[in-house]
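Next up is one chain by itself, shown in structure tokens, the form predicted on its own.
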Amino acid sequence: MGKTLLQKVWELHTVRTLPSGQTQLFIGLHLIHEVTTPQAFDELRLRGWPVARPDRTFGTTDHIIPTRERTRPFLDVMAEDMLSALERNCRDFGIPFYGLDDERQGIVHVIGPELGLTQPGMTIACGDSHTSTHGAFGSVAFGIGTSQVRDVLASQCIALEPLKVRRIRVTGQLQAGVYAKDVVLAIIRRLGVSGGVGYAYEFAGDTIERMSMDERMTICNMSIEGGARVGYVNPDDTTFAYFKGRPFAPQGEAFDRAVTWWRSIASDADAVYDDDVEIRADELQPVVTWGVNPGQSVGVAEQVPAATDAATTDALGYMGLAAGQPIAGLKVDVAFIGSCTNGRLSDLREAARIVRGRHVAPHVTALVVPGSVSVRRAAEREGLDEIFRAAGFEWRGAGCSMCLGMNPDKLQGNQVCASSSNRNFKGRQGSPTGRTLLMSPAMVAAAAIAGAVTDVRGMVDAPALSGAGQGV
């Protein structure tokens, strides 16, 4: 009987099975940032413990940093304290750190792959729920809490419950104007925000196989929104081509040897799955969330559902929507393109293709926040920043920005935001009454131009901008 990638990687990294039934799992790569680490490092100091493997630990700053004005000290005292603590902790414990003045700085789930730190067959942990992003490369990657950050710093291991595997096969051809973001939102809508609890999601099928690494990262990024602990795609030639020449990837003959091993850890053809689901790509349309979790969504040509339960009633009330109301035409006040879900170069290219020659609606505040300094520099070399600025968008520095309310980029009052981020929870974007509509970057761009939710499929006739969607 064959094995899945999850089973292979899990077994290779198992230290022992604990009396609780959990697995003590060795972590191949530990990524850290400023929000979930201060208390973890404090506990190490309290006990006199070193960091077990500083060579397998890398830090950056992303969540709390301003994207417009980065002068230190920050006006937000808590943000300044968090960043100062991370700088001090990385220095004291010998951990590489990519700070504000470093060309490698960016959102942790963007820089890991672009630097080649992320690699197939790894176990990867980070104190951030969207660590599942790295599974796009055939790794087993998961978010952890602060106490677990402490454990990994101290021992390079973590205790985890074994996972079942659900294969989600996406088959067929996506129509123009339908993107990876629409695919994953459709999956979450079908399976539910708790449907993946206890599972790893293996994304497969010819639609996934044709996707770029950027697109695969978008899908794996939101596995956690469907309740799954892990989401991954089996490594293939697209994966290997992405890594060639990356700073931390194997070089020369070592790269060729690595590719041979990376191929071997893919799921076997006769692997057995705990569940199997198929999604037809040609049946999908652009998706927009209407509610307060990522599973509450509709196609852009559909209507807001009727209130059939307390959760739906509550969400409709919070969002100020009426049952049966078309989602298209809903006015937006803010348009945000960025985040670890959709802040990569190919995302910016596609959004720029939509806005080129057009202008943001007068009442809309629109901003583009690249996911890393590297993405920002590459976009500027292609002139994407000029396209966005000419269209009325603000062009910002790299960071998490309006994905969450932990930095100056926040909604005000009951503003409605068309967002390419990953969560539409109440208050997620900084205002307790702000309302978030998740959608693809191209859909956000279209909403910014129209001033309301609109079907981007009517605006995708412009030629694609340069590049093959592989990011930087």
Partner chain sequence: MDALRITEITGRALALPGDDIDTDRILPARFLRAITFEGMEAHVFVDDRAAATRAGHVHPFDEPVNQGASVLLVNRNFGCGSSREHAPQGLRRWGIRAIVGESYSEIFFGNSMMLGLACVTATHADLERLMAALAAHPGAAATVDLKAGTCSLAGLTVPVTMPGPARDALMTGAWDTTGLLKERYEDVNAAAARLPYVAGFR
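Numbering follows the first chain given and starts at 1. Keep in mind the model is a prediction, meaning the values are calculated, not measured.
Here the subject shifts to the form predicted in complex with its partner chain, a form of this protein not shown in this document.
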| message | When its partner chain is placed as it is in the model of the complex, are Q325, I449 and T454 each within 4.5 Å of it, taking any non-hydrogen atom of the residue? | response | no
| task | Specify the contacting stretch among 66 to 74, 412 to 420, 28 to 36, 435 to 443, defined as having any heavy atom within 4.5 Å of its partner chain in the model of the complex. | result | 28 to 36
| Which one, E202, E215, E350, D128, lies within 4.5 Å of its partner chain in the model of the complex by heavy atoms? | D128
| field | Single option in G397, P305, G227, G299 placed near its partner chain in the model of the complex, where near means a heavy atom within 4.5 Å | value | G227
| query | Is there any non-hydrogen atom of W262 lying within 4.5 Å of its partner chain in the model of the complex? | reply | yes
| field | G317: touches its partner chain in the model of the complex, heavy atom cutoff 4.5 angstroms | value | no
| task | Classify G177 as contacting or not contacting its partner chain in the model of the complex by the rule of any non-hydrogen atom within 4.5 angstroms, answering yes or no. | result | no
| said: Please tell me whether any heavy atom belonging to D385 falls inside 4.5 Å of a heavy atom of its partner chain, as the geometry stands in the model of the complex. | reply: no
| said: Just to make sure I understand: among 44 to 58, which residues lie within 4.5 Å of its partner chain in the model of the complex, judging by heavy atoms? | reply: R47, W49, A52, R53, R56
